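Okay, so here's just one chain, in structure tokens, the form predicted alone.
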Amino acid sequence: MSANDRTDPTATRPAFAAHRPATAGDPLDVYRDQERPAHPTRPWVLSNFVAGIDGAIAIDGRVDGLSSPEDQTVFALLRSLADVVLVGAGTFRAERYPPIRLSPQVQSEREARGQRPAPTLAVVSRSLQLDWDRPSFTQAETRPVVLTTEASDAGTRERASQVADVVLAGTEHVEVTTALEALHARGHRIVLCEGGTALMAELLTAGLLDELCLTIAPLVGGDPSRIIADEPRPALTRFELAQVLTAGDELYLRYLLRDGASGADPGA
């Protein structure tokens, strides 16, 4: 998802219609009014993507061409509910993530729920090849977290620690189970994954994705990529369609992992 201008879910009020379930109130309440209980050792994990009819998730390497004001509203709304925005290093670089900004109203709503004023940005990076001078690190309202490995360069970890909390979550590779356990130990209960595709594949392979919010844009012909990378290849996993919204020609789908339908055993 593009992170550049989707910051305030109250900035626009597009005409959404809820179809499953139908609702007489604000259709966006199907996102707000949900139980997302943390697991005993990890947070609830949801992901948000926009894709074309053919499954493409980018145009010329960016998602801006697929997104719309309505999609941006859902994107910002989900951010407003999350404790952590989780993103892979490749997506962080490609989308040029800015600091996460929320309106004063949304910040007040979060504080009333016992959350911090803004979600924590957590970047997964094995190599730590990131620009530590980016405003997303230096101007963040909530100190970011960098999830990396013991094999990463110690000097670079020291540089990163000046602008972020560095968490070791694996030896040679960032283990998503370990990373989520570390976030859970820091008190985070809802994690919103915004990509990339390799991170999504790892979450699915380990059976750690609880919820997928997917926007279907009425476009064909984007980049030849989809929300899940080819490797690692997750086991066939079944989700249940919980909600359907429309806005113009776009579909807004919310899927939940079916009980007992998780992917590969994360302990294997």
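Not measured: the values here are computed from a predicted model. Each residue number is its position in the shown sequence, starting from 1.
Another form, the form predicted in complex with a small molecule, is not on view; read the next lines as being about it.
In summary, the region of this chain contacting the small molecule in the predicted bound form, judged by heavy atoms within 4.5 Å and restricted to 237-245, 198-206, 25-33, 38-46, corresponds to 198-206. The shortest heavy atom separation between residue 186 and the small molecule in the predicted bound form exceeds 4.5 Å.
Residue 218 falls outside the set of residues with a heavy atom inside 4.5 Å of the small molecule in the predicted bound form. Put simply, residue 143 is far from the small molecule in the predicted bound form: not one heavy atom of it is within 4.5 Å. Taking non-hydrogen atoms only, residue 128 approaches the small molecule to within 4.5 angstroms in the predicted bound form.
The contact residue chosen from 89, 102, 164, 122 relative to the small molecule in the predicted bound form is 89, the criterion being a non-hydrogen atom within 4.5 angstroms.
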